[in-house]
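Before any questions on binding or motion, here is one chain by itself as structure tokens, the form predicted on its own.
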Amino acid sequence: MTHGGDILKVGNEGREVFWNAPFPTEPILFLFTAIVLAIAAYGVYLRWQMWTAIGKPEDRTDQPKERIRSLIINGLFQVRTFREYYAGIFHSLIFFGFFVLIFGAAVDATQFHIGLPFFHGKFYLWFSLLMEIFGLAVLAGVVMALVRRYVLKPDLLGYQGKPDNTFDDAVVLILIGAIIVTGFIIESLRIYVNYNLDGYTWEVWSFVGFALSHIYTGISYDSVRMAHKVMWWTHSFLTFAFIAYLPWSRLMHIITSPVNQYMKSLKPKGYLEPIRDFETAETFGVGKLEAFTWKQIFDSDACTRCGRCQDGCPAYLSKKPLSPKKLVQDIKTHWEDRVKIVLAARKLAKEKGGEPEIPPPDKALLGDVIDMHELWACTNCMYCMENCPVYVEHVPKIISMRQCKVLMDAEFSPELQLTYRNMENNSNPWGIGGHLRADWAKEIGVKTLAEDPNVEYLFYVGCSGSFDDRGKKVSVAFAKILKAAGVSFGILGTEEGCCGDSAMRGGNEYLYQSLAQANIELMNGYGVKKIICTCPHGYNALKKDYPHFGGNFEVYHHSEILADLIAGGRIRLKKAVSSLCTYHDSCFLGRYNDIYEQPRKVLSAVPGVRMVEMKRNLEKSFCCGAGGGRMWMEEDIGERINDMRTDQAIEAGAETIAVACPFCLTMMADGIKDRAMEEKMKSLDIAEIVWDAMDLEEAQAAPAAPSE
């Protein structure tokens, strides 16, 4: 590396950069670099203070291998980001482009100062080409992002039709674009003189700069040299501004997003931490910001406002007050205001040598920050959590705030008051006498465990399957299938109690635990090992929540059992059931438990059934509206969620809406009535469809499989 007049030659390819600076350049660059890094580090430090100032402790550092795996998959390779194609493409162009350019700039700077033995010849040519390609990738990503945010303006980037763009959004994108554009201009200015002076043919490998260099034809070399110097310093200061601005802007998600991806919950999907200290706790749930864990608060800072949670939220899309994005951002705003007061009080106390006197918040978390209509609109469908690219956990926050309103303030809807009273008095939401719980089974001769405890499976029928007229038909159909297949099973009959799911997700944790513990004691007393449920809500509760209280069972959904029985030849389907059928994914079966394939396999095995999918299906399926305790509450705001889902089935041209959940069955049947489609459509559980298609003579002749 030697100086030659106005030209600094780098490498044996004759790579030339215009310099001839009137003052020492490297010391100035080092000084500016140190300053901007200090500013950025200070910004991160201040944010760290805020993250650790408020919130209860929570450990998210266990299972480091699994956490690193999550970080690589979703942080580095952007797998979840690609679930929305347009946003995934432009985000990845910017992310990967910047990643390569930063690495390339580091290599280039190292070569400039100390020289690298491999930084010449074909390696340099390919390096130059790679930098051009990824520079264009970043620029294309920025343009796509600007078009999406300021031209297309999709609803997920706003709230109720109003874009939530901020000045910071534009600054970030323009700053990134300006860095790339000035970089290309610098390159074109250098190439213009080098190419015209010496005719270096290798400059075409820097094809963007080479193409731009032709626009300077006729301009004097001295002018180009001066323009190069000005543009070089402009590019440098833009880069410095980007680094310094990072922790003070939404660019902070470059740090918070991967951190949150690393700290994602490794518990089962939909996991809810139970209240474990009813006897000693003074408060229950979350009624103020400080009652959240620090990780729950950090979630709000990691949220990038991408709106994917809102884009499929049934409450938001049906014009309810709830937007998962807005709820998280409102918590963030409240936290930012509150934490400043807390830190200031602690600083003052430290200076005076006393205990901090922290004034109460100006706004109440419940009522002022979070409106009660928002809190109760959630169906717990978990679309928000399943589709959030940075693993923000919305549903547990909502339930913990509901717990405070129910257990501390006794404030909830009149419908839930009646539901909870019925569950407490009669162990079912309808309040029907428990002595009628097994009446559905009398005519088909299903034994109870009290009569014969030596069975392979307990068929946990649940409240809908025991008391609801429509649900009882499903119980009968499924029990007949099990008997025809020779499956060894029994029921609890009048001893069975409500699973408690609606109470738990409605915030009444105390009632839920009393119901769950009663069921667990009974099941353990009978030595139950395996359980089949037809209700995904009971299935999820028994499988994931009952183990907290000693209920450790193998729990199966009836769609899994039906799929296995058909695959194993235990039941034969020969009677054609001619129908164009669409399957509605239950949230608690699909997103909560990843059971998507089995119900479809069951339906595909039925002769005459032709399958058609609704636009919203699988992980992006639309909720029926009954989860999270909403089954027992009126929809008095906006459009009915079940009607919207029925419209989607009508749009698909379906004649039958197949379901695998009693709540979904009721909601779809009501939607069909609301749309006056009773003569053209029907809603059936998959067990009813299977039973209708069975060849009973062959099924009854099939040998019973031995119990394990």
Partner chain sequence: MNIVACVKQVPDTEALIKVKPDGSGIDEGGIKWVMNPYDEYGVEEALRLKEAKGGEVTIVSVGPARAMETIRTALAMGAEKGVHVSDPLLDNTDAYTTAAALAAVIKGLNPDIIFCGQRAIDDDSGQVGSILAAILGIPQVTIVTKLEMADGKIKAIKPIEGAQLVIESTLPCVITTQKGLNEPRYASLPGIMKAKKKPVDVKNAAALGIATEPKAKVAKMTPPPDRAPGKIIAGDDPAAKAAELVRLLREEAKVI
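Remember, it's a predicted structure, so these values are computed and weren't measured experimentally. Numbering follows the first chain given and starts at 1.
Just so it is clear, the following notes concern the form predicted together with the partner chain, a form of the same protein that is not shown.
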property	result
The unique member of Y510, Y596, W294, F549 whose heavy atoms fall within 4.5 Å of the partner chain in the model of the complex	Y510
Partner-contacting position among S223, Q160, S604, N425 - heavy atom within 4.5 Å of the partner chain in the model of the complex	N425
Answer range among 126-134, 454-462, 541-549, 273-281 for contact with the partner chain, defined in the model of the complex as heavy atoms within 4.5 Å	273-281
Partner proximity in the model of the complex: A345 to the partner chain, non-hydrogen atom cutoff 4.5 Å	no
4.5 angstroms heavy atom contact with the partner chain in the model of the complex for M408	yes
4.5 angstroms heavy atom contact with the partner chain in the model of the complex for Q417	yes
4.5 Å heavy atom contact, P360 and the partner chain in the model of the complex	no
Residues within stretch 467-481 having a non-hydrogen atom within 4.5 Å of the partner chain in the model of the complex	none
